[in-house]
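What follows is one chain in structure tokens, specifically the form predicted alone.
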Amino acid sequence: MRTVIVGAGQAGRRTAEALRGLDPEREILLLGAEEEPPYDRPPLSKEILLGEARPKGLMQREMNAYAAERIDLRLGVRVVAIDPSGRCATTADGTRIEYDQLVLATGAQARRLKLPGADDPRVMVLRNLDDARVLHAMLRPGLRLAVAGAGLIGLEVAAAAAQLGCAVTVLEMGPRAMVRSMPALIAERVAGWHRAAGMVLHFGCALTAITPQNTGLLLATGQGEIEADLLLVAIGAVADDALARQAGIAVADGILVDAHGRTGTPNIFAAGEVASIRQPDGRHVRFESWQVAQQQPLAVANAICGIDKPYAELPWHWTDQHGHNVQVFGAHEPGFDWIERDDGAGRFAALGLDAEGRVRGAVLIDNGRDATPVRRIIAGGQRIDRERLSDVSVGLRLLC
């Protein structure tokens, strides 16, 4: 059997390694459009920008490691078309590669601004290792950096740039930072860290025009004009699902799959951030997180090998900014009743209760020791007395 994996990022690598562990004899081809061996993306907006050439979290392996596991890793190979009926993929140079199963692990692409002037080379995005290296080379003390978008990537880059001595201004269309990724009470804390570091944050601020000048960029917003030497656009990502769409595979903000990663087209699967995964309530959700690229490919590998182990993990993501670690678990819906726990020693937890008094979401700040009990409390789905939850003398481990 031959399994072809299109996309040699984290999700593609994890799929290949899981398949090899399940099936020692399977032929596995891992095709990557980049020239770099597979790597994880979290360090791009942190350690790489700060000058670490190969941080531990990058997870790059040498090419001979793939050869030793008999994973045929081919870099600089871009797949331009797939033929589901003929079970083959075509690369940019016209090579046709036949498959028994195809896994699309093409990830996502940075969302671009659709404004005149947005094609200026001083308007950048951060999505891959080359982007991070170029951006690192440009960041220097005194550089005027504007960041469009106060999501996780935008604020992580802003924090790294401020640490390097840049003058940073963040422009966010929404009413606050990290609207999609964190509850409001946490977003306010994080915004405070950035302001304390000397950064300027503008909320409810839409970027309306970019005028390139010899001395930099003139940025027009609803709140006035801002001069910058460099603009980083961090306004989210879009699923790289063009191959699937062209082949007639169902897509809607990502490739539609079940909990096993199966598409509606026989023998074709999707893994990682490109996958829009069907939830128990029937909705499809696409997750942009390290966790889904790390864990959902295991469900894909199991399904290919005929093993029934669907992806059903509690959503989790994290960010490191200004020396603080923030972890978010589960949901953070607007109607939640948030219980705050501060032990006075720098460890903070916030637990979100739904209308029935069940903990559905949680945020930990500099408090990794409570990650396991938080997961268990949310997974348990039990009602917990509000007073006990707010009592810091009662350890969360006692409430699991």
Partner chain sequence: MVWHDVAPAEDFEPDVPKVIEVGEERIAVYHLDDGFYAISDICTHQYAILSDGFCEHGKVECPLHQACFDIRTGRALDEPAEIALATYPTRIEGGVVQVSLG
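Only a predicted model underlies this, so the values are computations on that prediction, with no experimental measurement involved. Numbering follows the first chain given and starts at 1.
Note that the form predicted together with the partner chain isn't included here; everything after this is about it.
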Q | 321, 302, 276, 327 - the one with a heavy atom within 4.5 Å of the partner chain in the predicted complex | A | 327
Q: Tell me, please, which stretch of 29-37, 366-374, 350-358, 332-340 lies within 4.5 angstroms of the partner chain in the predicted complex when heavy atoms are compared?
A: 366-374
Q) Hey, with the partner chain in the predicted complex, do 20, 70 and 74 all fall inside the 4.5 Å heavy atom range? A) no
Q | Close approach of residue 203 to the partner chain in the predicted complex, 4.5 Å, heavy atom | A | no
Q.
in the predicted complex, is there a heavy atom of the partner chain that lies within 4.5 Å of any heavy atom of residue 54, even though the partner is absent here?
A. no
(Q) When the contact criterion is heavy atoms within 4.5 Å, does residue 181 count as touching the partner chain in the predicted complex? (A) no
Q. Counting only non-hydrogen atoms and a 4.5 angstroms cut-off, does residue 265 reach the partner chain in the predicted complex?
A. no
**Q.** Stretch 41-72: residues contacting the partner chain in the predicted complex, 4.5 Å heavy atom cut-off
**A.** 43, 47, 56, 57, 60, 61
